[in-house]
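Two separate entries follow, structure 1 and structure 2, each one form of the same protein chain as structure tokens.
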Structure 1
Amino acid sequence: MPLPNVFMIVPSAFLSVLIWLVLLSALLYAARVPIHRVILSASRGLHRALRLSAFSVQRAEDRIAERNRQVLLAQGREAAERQIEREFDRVDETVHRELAGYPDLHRRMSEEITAIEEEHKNSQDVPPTPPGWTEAVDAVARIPAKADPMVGNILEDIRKSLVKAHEKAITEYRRATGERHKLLERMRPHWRNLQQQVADVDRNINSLLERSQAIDRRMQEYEETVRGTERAVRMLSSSTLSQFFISLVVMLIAIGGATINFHLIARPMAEMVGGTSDIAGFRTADIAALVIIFVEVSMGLFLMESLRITRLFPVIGALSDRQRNRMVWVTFAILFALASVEAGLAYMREVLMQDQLATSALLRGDGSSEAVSSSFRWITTTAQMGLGFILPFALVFVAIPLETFVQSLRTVLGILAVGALRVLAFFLRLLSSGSRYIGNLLVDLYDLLIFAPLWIEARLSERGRSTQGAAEGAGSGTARATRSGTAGESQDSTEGEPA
């Protein structure tokens, strides 16, 4: 018996469908109240579960945000402490360097001043004045000597003697003046020294003032960070994000440098460790080259840590100064050795390349190209060796962006996590509201399927009410109220409850 025939109640298909529809409508109408309850209970349950989830996610987001805030403030506090510490170190250094020499400076300045005073005193000695009786001589010279030649001769002699004495006095005067000028000239370097020392003091004082202003600013920031103000959090957050991206760019550049370094030494490594062996599917020569680069980066990290430029390893930071200095020299020596090895490998690479080119040319039966390129070969070789030597030292500085990257990564990940949780909470709330409305919609759709029995029910209840109203007429208000109340309750129990 074919399947469609199973549903044939009467021979006519149309009638069968009609009968089935009537039966189904009756069945669905009978099950209307429990099914409404099921749908609405399910939607309410889903709504509450989703709301609860959204609330949990929201709480997790708040917790992470709070944790981020604490981490950010802690990092900011630490950074501010480091900067303030550094400023104080500089102030301390300046004070120790300059003010420790202050007695000496004072002594030197006193000496200079004494020297100036002495020179000044010496320069105050009055030079011999020219004779005061010049006028008398002039008077004698004006006596007419024509009357008596003897008198004329005597007067002439007197005049000559006087002129001679005058000239002598003038010479002496000039000499004394020159002496004073020399003394004054000797005072000049003392003045200059004094001026220089005063300028030094002025510069140091200004430097201290600048430092104190910087410390004031830092302290202000530090106080805000300690108080955990919104402004401090905002500033730290934006600063961390920019630091993250800057350090990321620098790290990418460093990775580019490491890649070039790798290609520079991977090929000649095959000459040392063999070109055919492999470790976990990768060529041993490549792995060896990578290991050398990683060792260089590690040495760079230790060097920077020992120099206290970075603070990635607290153990190194806690070492005594003597041990740190030793570590600086040891790491530098290893780096230098590795850089030399790389330079050698770069040279070997060039030799191998030339050997391979020569072999290829020989196999092609073409030996002419070698002579042309050989005159410029030293440039390539030197450049490769230089790169091989410099790149390891350049990689040392990766430690600085690495530290910034690692520190800012925590904040960035925290911000991303908060963002993701916020989006999740939003979608959960959206689904929660949606589930509630979907429940109502399903109830309405269900009623739409059984619209015919519902319509009949509405008509019947309407007729029943009108018949009852006509029979009872003007019945007691209390009884009507009671009935209507019961009807209202029954209506509530069927329609109101699921809602």
Structure 2
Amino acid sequence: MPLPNVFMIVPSAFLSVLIWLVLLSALLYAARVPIHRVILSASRGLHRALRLSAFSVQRAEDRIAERNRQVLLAQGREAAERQIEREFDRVDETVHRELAGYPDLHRRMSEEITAIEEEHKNSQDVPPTPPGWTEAVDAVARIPAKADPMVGNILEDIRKSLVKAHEKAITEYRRATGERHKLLERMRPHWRNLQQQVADVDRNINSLLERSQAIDRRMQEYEETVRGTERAVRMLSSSTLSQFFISLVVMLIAIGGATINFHLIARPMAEMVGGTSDIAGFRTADIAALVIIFVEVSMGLFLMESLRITRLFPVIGALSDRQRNRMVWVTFAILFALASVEAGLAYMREVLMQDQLATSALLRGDGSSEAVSSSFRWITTTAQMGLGFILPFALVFVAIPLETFVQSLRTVLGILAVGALRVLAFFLRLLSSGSRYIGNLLVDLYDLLIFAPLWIEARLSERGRSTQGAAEGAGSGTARATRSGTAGESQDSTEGEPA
């Protein structure tokens, strides 16, 4: 029996489909209430589950945000402490340097002032004045004595003596004035030295004032960081993002330098360790070159830690000064040895390149070009050896951007995690609201499938309400008639009664 014939209730397919629809509608109408409950319960359950998930995600976002805030404030507090410590060290160096030289400065200034005072005292000596009797003699010499020649000769001698004495006094006065000018001229170097010393003191004092202002700013930032204000958090967040991108750029530049260093020593390393052997699918020569570069970077990290420029390894920073100094020299010696090895490998690479070019020229039968270019090969050889010697020391400074990158990476990852959780919480809340409306939509769609029984039910209910309303109207009329008859009887009985 074919399967379509199973659903044939009557010979007519249309009637069979119609009968099936009627039966299915009746069945769905009978199961309407429980199915509605199932749909609404499922939508409410999904709504609550998604809402609870969104709440959990939001709680996780709040915890991560609070943790990021604490980490950011801790890093800012540590950075502020380091900067304040550095400013105090500079102030201490300036104060010790100036205070150590203050006795010598005071002695030199006292000597200069004493010399100036002596020169000034000597320059105050008044030049000799002409004798006082010269005025009387001058008055006598001016007496007219034309009558007596003897008196005239005497007066003429007096006048000559007076002129001679006056010229002598003028000469002495000029000599004394010249001496005063020489003394004042000798005071000029002392004034200049004293002015230079005062300028040095003024410059040092201004430097201390600038340091104190910088310390005040650092202290203000430190206090805001300790209090955990929003302004401090915003400043630290923006500063951390800037440091992250700057350190990332510097790290990419360092990776470029390491790549050049790798290609510089990879080929001669193949001649040393063998170019045909592999380790885990990688060439042994490449692994050896990478190991040398990684060792150089590690030595650079240790050197920077020993010099207390970076603080990636607290154990190294906690060592005594003597041990750190030994570590500095040891790491520097290893770096120098590795740089020398790389310079030798670069020279070996150039020799291998020349052998390869000579072999190629010999196979081509062209030896003239080789002879011409051989006179300039020392330039490339020297450049490669210089790069091989300098790059290891240049990679030492990778420790500084690496420290900044590591410290800022924690904050950046935290910000990205907070953003991802916030987006996830938004979508969970959106799905939660959507599930609630989807449940109501499914209920309406279910009622749409059984619209015919529902329409019949609505008609029957309306008719029942009409019949019930008519019955209630008839009952109310009878009640009103009964109440009016009772009232008339009460009025008649009232009228028949005596007042």
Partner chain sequence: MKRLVIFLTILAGLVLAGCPQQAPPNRGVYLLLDTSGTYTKELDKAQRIISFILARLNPGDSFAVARIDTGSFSEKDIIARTSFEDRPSVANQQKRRFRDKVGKFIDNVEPAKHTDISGGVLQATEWLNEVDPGQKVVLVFSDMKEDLPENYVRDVPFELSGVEVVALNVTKLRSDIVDPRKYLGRLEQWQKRVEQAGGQWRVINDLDHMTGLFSG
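Note that the rigid core is defined as the largest set of C-alphas that superpose within 1.5 Å between two forms. One-based numbering along structure 1's sequence throughout. A quick note: this is a predicted structure, and the numbers were derived from the prediction, not measured.
(message) Please identify the form predicted alone: structure 1 or structure 2?
(response) If we ask which form is the one predicted alone, the answer is structure 2.
(message) Rigid core superposed, CA of Y173 - does it shift 2 Å or more between the two structures?
(response) Result for Y173: yes, a 2 Å-plus shift.
(request) Once the core is aligned, please say if the CA of S212 is shifted by at least 2 angstroms between the two structures. (result) It does not, since the S212 C-alpha is displaced less than 2 Å between the two structures after the core fit.
(message) Superposing on the rigid core, is the Cα displacement of R308 between the two structures 2 Å or more?
(response) The answer is no, as the C-alpha of R308 shifts between the two structures by less than 2 Å after core alignment.
(request) Determine, in Å, the CA shift of R192 between the two structures after the rigid core is used for superposition. (result) Core-aligned C-alpha shift comes out at 3.1 Å.
(request) Just grab the Cα shift of K182 between the two structures for me, core aligned, in angstrom. (result) Displacement of the C-alpha, rigid core superposed: 5.7 Å.
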